[in-house]
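The chain that follows stands alone, in the form predicted on its own, written as structure tokens.
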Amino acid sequence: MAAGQRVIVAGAGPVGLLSALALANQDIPVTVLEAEPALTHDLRAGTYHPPSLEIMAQYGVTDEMHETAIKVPRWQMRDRKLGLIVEWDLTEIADLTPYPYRLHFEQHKLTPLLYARLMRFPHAEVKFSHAVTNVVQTADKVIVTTQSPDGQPGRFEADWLVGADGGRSVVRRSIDAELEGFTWPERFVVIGTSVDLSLRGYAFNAYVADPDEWCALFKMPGERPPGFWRVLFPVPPDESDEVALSPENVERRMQGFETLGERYPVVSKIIYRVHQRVARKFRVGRVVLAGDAAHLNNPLGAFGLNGGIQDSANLTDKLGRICRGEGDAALLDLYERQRRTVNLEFVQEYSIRNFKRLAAKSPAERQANIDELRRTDANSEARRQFMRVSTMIASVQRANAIQ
């Protein structure tokens, strides 16, 4: 074991479990504390960029994902009135990554893979129904208090605490790391349908601009072939959740996007609020934040979960070195500089830009966006740079360059 040091991870989502797996793989004892009684069934995230696949490959996770996942080497930017604007082909950057594609694989399928691998280590444990309620630090340890659904208290001690407990993070509040940013007035509704939209010219991932009701499409593997499609729409502030999720409005949105001639078969539907926020600090003493506990963003570009996976890899490498006596706590300040900077410069900047590009209202702005995309596509160097950014390869390189 690594010099007797122990780490607690708050949260058994993908970022928390991956962090625990990476630490356990370095012979570091780790305890995961999860408020829910079991792994959760999240219906939102499900797109993985090349750097995330490279990170998870070292644990055998990426290979197992490929058994049922959908490879998406090409994705589209479209306009509801004009049709296809640009189709990006990620095989053009095969010299930069062994995974020149996006991989579609539901988040609720990833967490069981991570959990199963974590449980192979005798020095790793996951405590379900253990909601973190308080965190106290001393000079040489961190003390975490938990509570079970029946009110039973728990107390855990470790050398370090990783807060990966999501957007409502108790760990973040314990270190007074306020989320700075804003919440979009629109909410997002995501509708699942079994209709094969590829037969209508759509790539397995497509973004469709429109001044009134833009949308985004993702082909997902589902429980069995041929899978299903998720279609995401904005919901205006004056439309209630109940109205947005009603069968009439679900059908109206789907038919308005692509006329079918019959009712759309709907396999799922959810609605959620969207934030653009970053914690003003990622680390205080022996407590460090990662994933949604540290930053939130809209899903256009699939930067959120992927950013959290990259947080995990960066942080666990540094925590491992600290636990082995190969570095001191200053490495965690470097983690904060690297990951907070790229979240502001890349994740926030480009996810906001993606949102505004799809929702542009004025004809002049919409045409300018189209012209810019076509100019980028026409220039090989500009096209490669666009793909480096959109795959998050550029953000990882930027983070590693920060000292």
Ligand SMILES: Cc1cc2nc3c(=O)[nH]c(=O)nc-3n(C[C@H](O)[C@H](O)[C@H](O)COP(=O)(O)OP(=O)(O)OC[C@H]3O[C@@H](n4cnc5c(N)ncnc54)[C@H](O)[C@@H]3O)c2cc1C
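Model, not experiment: these values are computed from the prediction. Residue positions are given as counts along the sequence shown, with the first one as 1.
Separately, the form predicted in complex with the named molecule exists; it is not shown, and the next lines address it.
- Contact with the named molecule in the predicted complex, judged by any heavy atom within 4.5 Å, is made by just one of Gly192, Gly320, Pro299, Pro73: Pro299.
- Interface residue among Leu43, Met65, Ile352, Ile55 relative to the named molecule in the predicted complex, by the heavy atom within 4.5 Å criterion: Leu43.
- At a distance threshold of 4.5 angstroms between non-hydrogen atoms, Ala35 is in contact with the named molecule in the predicted complex.
- With a 4.5 Å cutoff on heavy atoms, His130 counts as touching the named molecule in the predicted complex.
- In the predicted complex, at least one heavy atom of Tyr272 sits within 4.5 Å of a heavy atom of the named molecule.
- Of the heavy atoms in Gly166, some are within 4.5 Å of the named molecule in the predicted complex.
- Contact annotation: the named molecule lies within 4.5 Å of heavy atoms from the stretch 130-138 in the predicted complex, the single such stretch among 326-334, 77-85, 277-285, 130-138.
- Residue Val170 is the only one in 169-194 with at least one heavy atom within 4.5 Å of the named molecule in the predicted complex.
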